[in-house]
Each structure stands twice: as C-alpha cells, then as structure tokens.
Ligand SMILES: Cc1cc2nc3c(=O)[nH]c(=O)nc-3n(C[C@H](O)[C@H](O)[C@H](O)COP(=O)(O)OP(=O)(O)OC[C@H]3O[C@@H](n4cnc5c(N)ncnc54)[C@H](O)[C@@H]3O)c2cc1C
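Below you will find one chain, with nothing else, as structure tokens; this is the form predicted alone, and questions on how it binds or moves follow later.
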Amino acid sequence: MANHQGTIFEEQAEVLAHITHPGDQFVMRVKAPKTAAKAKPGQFVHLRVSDERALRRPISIMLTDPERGTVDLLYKAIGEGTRLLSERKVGDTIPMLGPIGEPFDLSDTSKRYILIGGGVGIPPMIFAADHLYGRGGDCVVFAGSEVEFPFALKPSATLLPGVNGNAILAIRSLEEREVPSRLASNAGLYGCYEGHVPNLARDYLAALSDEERKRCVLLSCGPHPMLHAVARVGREFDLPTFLSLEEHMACGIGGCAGCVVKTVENGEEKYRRVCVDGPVFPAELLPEFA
C-alpha cells in the first residue's frame, strides 16, 4: 500500500487563466508552486469548488511548469460542482490538495509508451508525453473526443503505421516537439479517425513489426467503456497495460475509503482506494477489466 505521508500539500491556488472551450470544457491555470514542483503524470488535484460546498472535486493534472509554479487543468462542467468551478475568475483563489495518487511508471527508456486518452482522460496523457519528451522517452499519443478538442491542432508531418490518410490532425504542442499524436472521434470531426480511440491505437499496433510491438506499453485514462476496450487491446497483443481510473471521491486522500475498487493480487481479493492506491493500476489486477 502506498505511503503518501508528507507528499500531499494544501495550497491556496490562484487562478491565472480560465479559458472556455466548446462542449462545456474548461482549461484552468493556477499558481500552486508546491504541487507544480512535485506532480507526476497520472496524479490529480482535489479542488474545493466553492465556499458553500465542503466536498472537493478531483481534477487530473494536464501540465506543470515547476519554474513558474503553475499547474494546468482540463475539466468538463458536467455537474453542479464543476459548474461552480467553471464560474471561478482570474484572481480567485481555490483551496487545493495535491499532487495525489500513484503516477504512471515512465522509468523504462527502452519502452515505447502508447498513451490513449478519452475526453477528460486526455490530460494525463499530455502530461506523460511532456514528461517523456523532456527525458528523451519514446511515446505516441492517441486522443478521442466527441466534442471539439480543447487544444490547438495542426496537420501532422509524421506518418504513423496503420493510421489511414483521413486522420491527419495532431495536437500542435506535441507536433512542435516531434511527439507523434493522432485524434479519433465518432462526431465527424475533420481530420480525425472515424471511430473509437482504442481502435485507432489497435490499428497502429497491428501495423508494427513483432519486434517493435514488444517494446510497447499501453497507458490509458478515460471513461470505463474506453478502458475496457484498451484492456482488450492489451490482451490481444499481450502488452503491459496500465489504467488510470475515474471515480467519484469524497476526501480524496484515503481516509474515507469511498472510492475503493476490487483487485486480485496473488490470487487474493483486495479492495484498494482509487485516490491514493491508484488512480493508476495494472489492468491485470482489475477483475472488472480482465
């Protein structure tokens, strides 16, 4: 069980920017130096959305700038709590706990990390790609959305095996760093693969040589149906697969055990807390995704 003593900070995060995107999507940049200095891809923050609501909301970290002490968050206003959060203005301060959770393991530089994100599960993939780029790591990003992507896009100059010619758009910030990416959607968005993002990743993997494919590790975050599909792709190609789970949380720091998930470890059933024992788990430990 993870020991997070002394690793989670409480900060009064100042809102530096708050941008609205189509589909009730919001990108918020906050000043939170302690979290920015320590956060790793796959971790999240827990925000108090208003003075009237005691329960916080977990939001995945999309990017950090340790030098400037900033943290970027992408979220979608889908309930009363996140709608209250969407009303926060530049200059407001938000009580924030972070960084929380077990991150993705990106330490093996011999691997190619296949980063698969859907909707508000895209931010951890952006963070992971940024982390790997800064350390010379090898990765490919596949992102899926049914509304317009809240990022600047551009046609990719990189050809990817198995990806058809209609899927031409990439995330500009990644493309400019020569990190390959492609987009998927069922909403008929221009320049995107037509279908679910796990199928796009599968087409890519199927087109690789056996030697190239053996180097791959699947990392994913998104809605549960998407994670089920990613787990199936991992089993099909016998690849290590790690899933970041999205769950409702109360305390967010492991005290209430309100976000437990069943695991099977060495043949024994256990219940782990998604907030601090996760949110990242090996797919093979999660019977729901077996």
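The structure displayed is predicted, hence computed values, not measured ones. Counting begins at 1, following the sequence as shown.
In what follows, reference is made to the form predicted together with this ligand, a form of this protein that is not presented.
Colleague: Wondering, does residue 247 line up within 4.5 Å of this ligand in the predicted complex on heavy atoms?
Modeller: Answer yes; at least one heavy atom of residue 247 falls within 4.5 Å of this ligand in the predicted complex.
Colleague: Would residue 74 count as touching this ligand in the predicted complex under a 4.5 Å heavy atom rule?
Modeller: Answer yes; at least one heavy atom of residue 74 falls within 4.5 Å of this ligand in the predicted complex.
Colleague: Applying a 4.5 Å heavy atom distance criterion, does residue 55 contact this ligand in the predicted complex?
Modeller: Output for residue 55 is yes: heavy atoms within 4.5 Å of this ligand.
Colleague: So in the predicted complex, does residue 80 come within 4.5 Å of this ligand, heavy atom to heavy atom?
Modeller: Output for residue 80 is yes: heavy atoms within 4.5 Å of this ligand.
Colleague: Looking at 106, 205, 218, 120, which has any heavy atom no more than 4.5 Å from this ligand in the predicted complex?
Modeller: In short, 120.
Colleague: Taking this ligand in the predicted complex as the reference, which of 233, 226, 59, 261 has a non-hydrogen atom within 4.5 Å?
Modeller: In short, 59.
Colleague: Heavy atoms, 4.5 Å, this ligand in the predicted complex: which of 134-142, 152-160, 174-182, 81-89 makes the cut? Say which one.
Modeller: Correct option: 81-89.
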